[in-house]
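Below you will find one chain, with nothing else, as structure tokens; this is the form predicted alone, and questions on how it binds or moves follow later.
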Amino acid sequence: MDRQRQGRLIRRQRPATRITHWIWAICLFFLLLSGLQIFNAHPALYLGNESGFAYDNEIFSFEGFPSWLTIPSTRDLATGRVVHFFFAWLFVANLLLWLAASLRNRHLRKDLIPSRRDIEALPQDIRDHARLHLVHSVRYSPLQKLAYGGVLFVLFPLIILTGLSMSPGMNAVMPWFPELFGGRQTARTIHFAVMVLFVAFFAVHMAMILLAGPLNELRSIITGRYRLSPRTPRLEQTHV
């Protein structure tokens, strides 16, 4: 197959985007598995500020997660908390680094903030994804922008803030902070729910990579080079 039929090879992802992406991937892996270790210490969720047998605010409970799914794999809450907090602060630092770089290189404005044209094209983009008609273009599709934007600007801040609201140190300095989420236990429940949404996003993200062509998608996030669909409009075939 000649190059013209394959589609043009462009530079799609900038170094800062690629580096922060992989740091997030590592952080989320350790945060998830160490978070399950912490959850296993008391595998139940509540609403409000208090928890325990004397309160009638439990909304969910079960036996906990298997040991092979936690870090560490043995019951060790102290180590789980150390691992969780280390990668939590690395996660926050990486988010700030990504935000500064994305403002500087205009990745945020060009690739993530939906335009009026994106909103108008959203219904058709949803239909295209439903039919698995996936086009490799320079810009993210409207659905991609909404998905990535939702993760970056809703889920990331929410899981950070609910995590801080459960911190004894933060509670000592700002005892009112957990009340922003309806109480410390409600914040814990929201924190857990956001984790579930992250897992769901990851599953869909991996499925779309496999369907769109894993070699091309991985090359884009590792080297920055990305091959467009053969009939991508010439106007869109520009370097980012």
Partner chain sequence: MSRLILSRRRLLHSGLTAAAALPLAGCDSFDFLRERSNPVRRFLMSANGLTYRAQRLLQSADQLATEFSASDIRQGQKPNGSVNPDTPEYLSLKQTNFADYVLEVDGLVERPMRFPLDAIRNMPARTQITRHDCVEGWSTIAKWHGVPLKLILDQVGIRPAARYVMFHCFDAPTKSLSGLDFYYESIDLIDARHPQTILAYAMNDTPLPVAHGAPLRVRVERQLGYKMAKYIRRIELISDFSQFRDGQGSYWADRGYEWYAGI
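Positions refer to the first chain, counted from 1. All figures in this text were calculated on a predicted structure; none of them were measured in a lab.
Not on display, but discussed next: the form predicted in complex with the partner chain.
For the candidate spot formed by Glu58, Phe91 and Ala203, no residue has a non-hydrogen atom within 4.5 angstroms of the partner chain in the predicted complex. Proximity of Cys27 to the partner chain in the predicted complex falls outside the 4.5 Å heavy atom cutoff. In the predicted complex, at least one heavy atom of Val82 sits within 4.5 Å of the partner chain. Although the partner is absent from this view, Gly169 contacts the partner chain in the predicted complex, with a non-hydrogen atom inside 4.5 angstroms. Residue contact check for Leu108: none of its heavy atoms lie within 4.5 Å of the partner chain in the predicted complex.
Proximity to the partner chain in the predicted complex, defined as a heavy atom within 4.5 Å, singles out one entry of Leu103, Leu77, Leu112, Val135, which is Leu77. Residue heavy atoms within 4.5 Å of the partner chain in the predicted complex occur in exactly one stretch of 95 to 103, 150 to 158, 67 to 75, 113 to 121, and that stretch is 67 to 75.
In the predicted complex, the partner chain lies within 4.5 angstroms of at least one heavy atom of each of the following residues of 195 to 219: Leu210, Leu211, Ala212, Gly213, Pro214, in sequence order.
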